[in-house]
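So this one's two forms of a single chain, laid out as structure tokens and tagged structure 1 and structure 2.
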Structure 1
């Protein structure tokens, strides 16, 4: 199995693919509405803290497991931990299926907004427009189309599909986002947006709900807790510096999220639309930002199309990594040919996403369970495994690394910082999920 395994063609190829996995709708859409919902800079600070203290160690754990075993998640966990740990791998795959099933729906909205803006401009009645396109037959169709493209990239293989796409898409995304932030800085009234973004509500720092959201956002944005980074690392050679990679990936991911905030908040405040994001929900950015673009005339169309193009690029490279977890598992378990495996998995997930394309309640619930609860629980289990059970993880992680001497601190961090924090966050996330379920049942 291991000898015929695919591999990245270059170091940069892996780095860009992993950054492509991390940077997605989570950075530009989820980060902005989470920040708005949780009161600005305090949330950002906790998010940075969670990224550094919890995200980074877990990222290195995934990289170490994946490269060390050179297998997809289920087999990697069995390799190091024996049969029972394979169950965790199965949870990873299920989380991947759940996340991609609704991620495709949101990505579908994004593609549609971008294309229709190009042909028709942004509509003034953005709220009605979102209501009309968010669910229903057309939402199903755009979701299926997006997953078809995702499947196509994954069936091209690690080098010919995933790496090739990342090599030109990620630099393009970087240019777009930086350009947009520079433009937003020129808007009259932008400073009110910065003021909101940087104003710290210190009370929020001690709020467990904000901490829970910050941890959840860090996991989602870094693609952690379900084996995506693990799977990408399984195609890596032993001379790559894993601790250095984890820092590069996390910094790039934070940079894009932070810069996206420098686009979103000035735009919203310059156009006086801030009241609409106060009680922010899933759809807020899809309503407020198009409104902003519509009121800016031709410039708004250009800027808006660039914004949605960046979102689509991020969404595609992220969706590819989610699908790759499922596909590589099927390949490793059955020996199936990659193209067949991609078609089977992509097709099944596309169908599973249909209910999310028909109901925002279903979409929200699948996000709560797959995109939040399972990631936190998966991350906790992974930290326990690598922190306490995996034989000699520091030895494996230090292979090819300049930072080997520092890695004893990594395992201590996993044991005594990551595990306790994630245990507490798990409880709050469980309560949250329970409440969401109860609210849905109560109608």
Structure 2
């Protein structure tokens, strides 16, 4: 590890922080909705397959690169590949900036919903409520407030800020999600929700759009392609078991997403709101579910506040990892003191997010570019680098691992499975991004 570089105080601290990076707002609804819309259990199988064939190899690549170089993304890639590869690190940083700029807006809505539900209850006219608060000055203010808290955590450092927050927040998230799932199981009509969630259409396995969605979900959900896992790994000790950590993070991330589906669908079906579930992640989180909570009276307020508390925790831990990518890069590039770097980066990203707080169309475009296109392209380039150009990645990954003998196929998997799959997904994502840009210009 680079001299003077910060480090995690414990394996548990790193694991919880890495899981916190992976677990976010997407786990609490996006996975559930995509499962229901893309073949049910068949999509889950495809998602697990994509996680195994694409997600885990790329995660191990990020862990290996970060721990080996003990530097943030730009310097880590320069360390192993020379200055031209530093451009890939810049892509990671840009992805983190773009995602956090609009993620803070959505997280701001989440915090506001939770606080107002606690003090005022959920409104019966949830659609009008969301339309009124989604954009404008108040949306900007809540966005800035959320990023201020994120900046405060990151400014505390790896141990005093990020790890300390993860040690408290991630167990709380687990308790909230499991408790909500147990409650949802007691509702009359919950079985219809389970049936909808677990419907199986094996024809979806051959649908290229479903494959793209499964690969994209695996990437976004695991926080890959944005340098977050790489940056966290740069604070690891040499005796950490990287393959084991990859599996632990992936399984924990999947567990939260899967259990969240056991909350959402039984709740919606028990209250007869299934016809109001549309293709919008935002619509489900901020219109359909609040309407469900409002119809449940006092119990709905309690359950709804707990649900939004879980959303806030997931949003904060993910936002912290995104900001840390940018802050760590600035520190490595300039030698700037951490608190100053956190204030500079947090403030700049907060300002960049203002247009997304003023327009849902802008937010959607930034999501398409940063949350999908840059992630996939960054993951593809990383797989190419580690698969073909990094000196002895297998030796680095096997150090400290009980499973070193099983890594013989890892580099081949990166070369001949991950790269072709991500190349195909990249083409589809480029088309989607172009269409989104054209729609915004035309509108």
Ligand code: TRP
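Just so you know, these numbers come straight off a predicted model, no measurement behind them. Under this definition, the rigid core comprises the largest set of C-alpha atoms superposing within 1.5 Å between the forms. Positions refer to the first chain, counted from 1.
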| query | Pick one: which structure is the form predicted together with this ligand? | reply | 1
| query | Does the C-alpha of residue 202 move 2 Å or more between structures 1 and 2 once the rigid core is lined up? | reply | yes
| said: After superposing on the rigid core, how much does the Cα of residue 32 shift between structures 1 and 2, in Å? | reply: 3.0
